[in-house]
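Below you'll find only one chain, the form predicted alone, shown as structure tokens.
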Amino acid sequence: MSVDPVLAAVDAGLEQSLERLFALLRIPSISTDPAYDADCKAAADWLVEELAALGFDASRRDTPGKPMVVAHHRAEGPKMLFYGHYDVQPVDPLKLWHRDPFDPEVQDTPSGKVIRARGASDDKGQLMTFLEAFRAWKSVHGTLPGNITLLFEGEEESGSPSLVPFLKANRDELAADIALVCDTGMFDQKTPAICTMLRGLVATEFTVHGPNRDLHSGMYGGPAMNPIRALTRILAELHDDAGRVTIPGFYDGVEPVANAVRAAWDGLDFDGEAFLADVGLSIPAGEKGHSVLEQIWARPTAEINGIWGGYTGAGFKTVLPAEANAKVSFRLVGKQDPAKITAAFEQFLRDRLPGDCRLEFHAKDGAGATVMPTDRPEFERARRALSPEWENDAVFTGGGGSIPIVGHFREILGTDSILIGFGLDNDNIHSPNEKYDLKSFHHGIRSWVRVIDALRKA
């Protein structure tokens, strides 16, 4: 079966593909807000209907949270599991949007045409590149291309509370030879990427308690311990002057980047100064001795995500607060153990807590880093299949964020994942005026035709 007529069918049907994407984008499937529960179900039902029309055995699987969508096309050959999510982030602040976030539109911009809507890039536009590739294939060859399972979830943007139980309950049904995840991005507008490294994540929140009530600073300022003072002093010790994290044992399990990987990264046209300049910064603040790219992809971090306490309203109130609070998260690499990092940070705080203060500490379940086995032949076949569709050859990259589904697929299903996405850094995901380049959508569909063809023959 040739891919050339399938690629021609993708081109000929692009306008209809856009219409279907727009129909999905118009559904405000915001998973974190219960007010949109019915819309999340509507999005799941819409996908089931589309998949069934393509010939998949498709169903909506209800969970204690938002529904899963599962579809199968059983055939000979390696089983490919495709994953995406149909839920989206809230749109607040709405006043910063230039148009209704659920009224999609193709717009002209200085860098080309873009699809503007909430979920255009994260992840409905990406998810639909799968479906439209399958659609074009079937329109030409009369059947779907291989042994395929699709899993689309509706809680990715709200922590995926139903995902792990669902995977465990349906382990045998969902197990596959390889998983394909379309929730990542290009290296740049001309260079497709396969993400092969993801950092893990630990999220913590703690409160430093001091006096038994808020105090007047004129009466108690000086002799009374101020919890904000205690908290900020502790957090100031979290990094040394070289940007290294000072928690004992923090770097256990951190491995150096392999020479071959470092050489490949050095060959990428990445400008660290321009990367920082784009957000109004100029000085790398991470560990000295590591490039900006390495700091993002291959080094662990400790970041203070929020601090609050005392009076923060209008005007001024001379108060010594009874408590101070902070949120601190850690991005993990290599073999760093999330449980050990959590315990070490809690001990770090307790060791520095002054007298007359009490610590209340909470942590979410963490996830370790994931490194893909790029020596598996599927990775190179996918990279070679991607390359002809873009100006530059596809590259293997790292990822600074965390995609927990990849770890869950490995731990629960025993399945490795190939992460291919067509988003760009300027897509404004999670922000007002989210967009997805029309080129990303169009050539993303064409790319999946090529990748599916390369993998179904394995």
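Quick caveat: nothing in here was measured; it's all calculated off a predicted structure. Between two forms, the rigid core is the largest collection of C-alphas that superpose within 1.5 Å. Sequential numbering from 1, following the sequence displayed.
One more form of this protein should be noted, the form predicted in complex with a further copy of the same chain, which is absent from this view; the next part is about it.
S.K.: With a further copy of the same chain left out of view, which of Ile405, Ala58, Leu413, Ile429 would have a heavy atom within 4.5 Å of it in the predicted complex?
M.R.: After the contact test, the surviving option is Ile429.
S.K.: Could you check which residue among Leu424, Leu51, Ala394, Val70 gets a heavy atom within 4.5 Å of a further copy of the same chain in the predicted complex?
M.R.: For this set of options, the contacting one is Leu424.
S.K.: Considering non-hydrogen atoms and a 4.5 Å limit, does a further copy of the same chain approach Thr63 in the predicted complex?
M.R.: Result no; Thr63 lies far from a further copy of the same chain in the predicted complex.
S.K.: Using 4.5 Å between non-hydrogen atoms, is Pro145 touching a further copy of the same chain in the predicted complex?
M.R.: Judged by the heavy-atom cut-off of 4.5 Å, Pro145 is well away from a further copy of the same chain in the predicted complex.
S.K.: With heavy atoms only and a cut-off of 4.5 Å, decide whether Gly368 touches a further copy of the same chain in the predicted complex.
M.R.: No, Gly368 sits far enough from a further copy of the same chain in the predicted complex that none of its heavy atoms falls within 4.5 Å.
S.K.: Using heavy atoms and a 4.5 Å limit, would one call Gly112 a contact residue for a further copy of the same chain in the predicted complex?
M.R.: Because no heavy atom of Gly112 falls inside 4.5 Å of a further copy of the same chain in the predicted complex, the answer is no.
S.K.: Within 4.5 Å of a further copy of the same chain in the predicted complex, counting heavy atoms only, one of 377 to 385, 350 to 358, 169 to 177, 125 to 133 shows up; tell me which.
M.R.: Contact criterion met by 350 to 358 only.
S.K.: Taking Ser217, Met225 and Glu303 as the candidate spot, are all three within 4.5 angstroms of a further copy of the same chain in the predicted complex by heavy atoms?
M.R.: Verified in the predicted complex; spot residues all in contact, yes.
S.K.: Can you name the residues of 197 to 220 that have a heavy atom within 4.5 Å of a further copy of the same chain in the predicted complex?
M.R.: Stretch hits, in order: Arg199, Leu201, Ala203, Thr204, Glu205, Gly210, Pro211, Asn212, Arg213, Leu215, His216, Ser217, Gly218, Met219, Tyr220.
S.K.: Return yes or no for Pro192: a CA shift of at least 2 Å between this form and the one not shown, with the rigid core superposed?
M.R.: No.
S.K.: Once both forms sit on the same rigid core, is the C-alpha displacement of Ser111 at or above 2 Å between this form and the one not shown?
M.R.: Superposed on the core, Ser111 moves its C-alpha less than 2 Å between this form and the one not shown.
S.K.: Once the core is aligned, please say if the CA of Asp266 is shifted by at least 2 angstroms between this form and the one not shown.
M.R.: It does not, since the Asp266 C-alpha is displaced less than 2 Å between this form and the one not shown after the core fit.
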